[in-house]
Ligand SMILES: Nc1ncnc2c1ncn2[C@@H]1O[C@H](COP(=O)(O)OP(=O)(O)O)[C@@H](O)[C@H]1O
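The data below hold one chain only, encoded as structure tokens and taken in the form predicted alone.
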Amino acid sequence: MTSPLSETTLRESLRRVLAPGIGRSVVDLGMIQSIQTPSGGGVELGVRLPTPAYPLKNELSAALSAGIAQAFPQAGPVSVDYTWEVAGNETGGAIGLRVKNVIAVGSGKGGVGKSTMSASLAVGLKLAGARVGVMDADIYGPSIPHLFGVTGRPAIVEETGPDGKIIQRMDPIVANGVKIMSMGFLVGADDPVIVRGPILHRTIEQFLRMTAWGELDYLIIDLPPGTGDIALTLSQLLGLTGAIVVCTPQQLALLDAVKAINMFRKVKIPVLGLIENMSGEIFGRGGAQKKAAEMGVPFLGEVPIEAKIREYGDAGDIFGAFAAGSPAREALRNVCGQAALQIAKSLLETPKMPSLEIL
């Protein structure tokens, strides 16, 4: 005998539906915000996603409809109204950050397009609707300002601290809504940055503490290439949500990517995944995906070796790579969606999202 149709019985039937890409019950995750059964028939669900860039919305809608239809064939059509709230651990409070997720993007070697991928992740998440900032931690070779086509010197603004005292901070440069801080704003375009390790550490700390980031869903940190001490500095200053490693498909680059992954693991920074950049005829294809499987880290997708990406970056228009008609658009959107999914998954594997009535 079929149970009567009610919010309680419908919610119980949805408990068996697993969120695609996360693999846990949508009910246990707190994603089901409301259930309504209009007098005209059917079921209306209010579902909250853990990120606006969730890439499996169609699959989730199908799974929700199938879960209800299996338990209640008489229920009628299921409609889903999506909202989102970025999950985050907000571990930067000790140094004054109001950021839900801090993500480091690194590589084992230079020349693999790490900064381009850092900028692309920021753009993709921003276009999805999130509040995003980028911190250029490549002190010796800052390239984020050029990719976004921005220049200038950060203004000094005053904020009131938790103790009521006035704090002076640097106002980040903003490009199409993305907040940016870089050494490139503080030195001349052709001036070398000559600093020793302790000063490097203080500079990174100042960029985090003394920038008026405001409230962000994601702060992307573009690391310098290699396995230097900036990752260690970050791990000591705050609890990063995780790190993303960028590499190209050929074996030489993969050897260094493995070192980067092991470095992050050694300093207790979770590895969220591996991106294969410049995939195609020149460097080959699939090497990063295979290596990710061997090392037990998620593969976030491949971005083809596409001249248009280079052209957009050289022109200071990284947003253009996401425009309609861009040959790189779908690959970049996929990488951003998969990265956002892994960020959310890493957080949702701990306690469930708090319930929030929105409808």
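For every residue, the number given is its place in the sequence shown, counted from 1. Source: prediction; values computed, not measured.
Here the subject shifts to the form predicted together with this ligand, a form of this protein not shown in this document.
Asks: Just to be sure I understand the contacts: of Pro304, Pro298, Gly67, Gly30, which is the one whose heavy atoms reach within 4.5 angstroms of this ligand in the model of the complex?
Replies: Contact residue from the list: Pro304.
Asks: Only one of Gly113, Gly88, Pro145, Pro154 has a non-hydrogen atom within 4.5 angstroms of this ligand in the model of the complex; which is it?
Replies: In short, Gly113.
Asks: Given the stretches 258 to 266, 168 to 176, 271 to 279, 72 to 80, which is the single one in contact with this ligand in the model of the complex, using a heavy atom cutoff of 4.5 Å?
Replies: One stretch meets the cut-off, namely 271 to 279.
Asks: Taking heavy atoms and a 4.5 Å cut-off, does Ile309 contact this ligand in the model of the complex?
Replies: Yes.
Asks: Residue by residue through 232 to 255, tell me which have a non-hydrogen atom within 4.5 angstroms of this ligand in the model of the complex.
Replies: Nothing in the stretch sits within 4.5 Å of the partner.
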